[in-house]
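In the block that follows, a single chain appears as structure tokens, in the form predicted alone.
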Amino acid sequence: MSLVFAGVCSHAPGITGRKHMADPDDRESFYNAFDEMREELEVTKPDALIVVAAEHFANFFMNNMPAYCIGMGDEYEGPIEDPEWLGIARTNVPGNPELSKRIIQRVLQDVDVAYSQEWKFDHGISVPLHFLTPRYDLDIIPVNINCQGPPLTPLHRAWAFGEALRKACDEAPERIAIIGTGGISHWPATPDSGKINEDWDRKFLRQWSACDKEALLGYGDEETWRDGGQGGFEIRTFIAISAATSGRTAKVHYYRPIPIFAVGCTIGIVDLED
């Protein structure tokens, strides 16, 4: 079986943690876009959902920072943050260690990847799951690309990783969905928190929607740091989704800069129809 669903979305903690501070139209329009994404995901009836995210020093730190890691646990707890602060109740999320193992073994044919049987989800995964699997009844396979601690994986390697994930999904009999979650431009935990570079975001999303590999791999880290902030390094998760769906165009269903959420809020879905 191949992929049955693919898309991207934002994951900033303010999306749930500061919802009471947001303009009602901003909040409700973005939440509605998440609901529509969930509905499209549910229609495909996936057996498992791969979440390609950017971990925020909750599980991996500078004493051991894998470029890529895939979860292989029976279940995962999240969020690791204070539930009252994040606005999401702590819960156990089901995994699928047997499917994870097969995916890891196939990915290893092309890209070296770490694995973890113990993983506590931070907001990078907990926020999307809050909207997309609110009953927590879908098997989750968490995937992390290091977007935090330099040296960061080069963008062409993030592309290769996405291609390897696709090969693994193609060989699995299960129906698999995949989402990438991250930025785009944002400056978290800095005095510039809330700053959003809308022009940079929209340019990147146009290139992502067109699955323009040359353009997507043309972003240098120095340029991204300048124009998209340190949070902009999370474009790697979007690039991995483009690689996993190479040749397919996508539609950005929602984009709006919402400063109180500290990010340009994004929902995008790849057209996988023949």
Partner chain sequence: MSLYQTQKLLYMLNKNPKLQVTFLADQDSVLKDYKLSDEEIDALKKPDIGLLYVLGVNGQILMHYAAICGFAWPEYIQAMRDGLEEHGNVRNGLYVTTDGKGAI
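Numbering follows the first chain given and starts at 1. No experiment lies behind these values; they were computed from the predicted model shown.
Same protein, other form: the form predicted in complex with its partner chain, not shown, and the subject of what follows.
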Exercise for review: Please state whether all three residues R18, P150 and K195 have a non-hydrogen atom within 4.5 angstroms of its partner chain in the predicted bound form.
Suggested key: yes
Review point. Here the chain is shown alone; which of W159, W187, Y76, W200 has a heavy atom within 4.5 Å of its partner chain in the predicted bound form?
Key: W187
Check your understanding: With its partner chain left out of view, which of L41, A58, A48, A243 would have a heavy atom within 4.5 Å of it in the predicted bound form?
Key -> A58
Point to revise | in the predicted bound form, segment of 209 to 217, 244 to 252, 28 to 36, 223 to 231 with a heavy atom within 4.5 Å of its partner chain | key: 223 to 231
Check your understanding: Taking heavy atoms and a 4.5 Å cut-off, does P134 contact its partner chain in the predicted bound form?
Key -> no
Review point. Is there a heavy atom of L155 no more than 4.5 Å from a heavy atom of its partner chain in the predicted bound form?
Key: no
Practice item. Please check if P191 has a heavy atom lying within 4.5 Å of any heavy atom of its partner chain in the predicted bound form. Key: yes
Check your understanding: How about A164: is it within 4.5 Å of its partner chain in the predicted bound form, going by heavy atoms?
Key -> no
Check your understanding: What residues in 79 to 103 sit within 4.5 Å of its partner chain in the predicted bound form, counting heavy atoms only?
Key -> I80, E81, W85
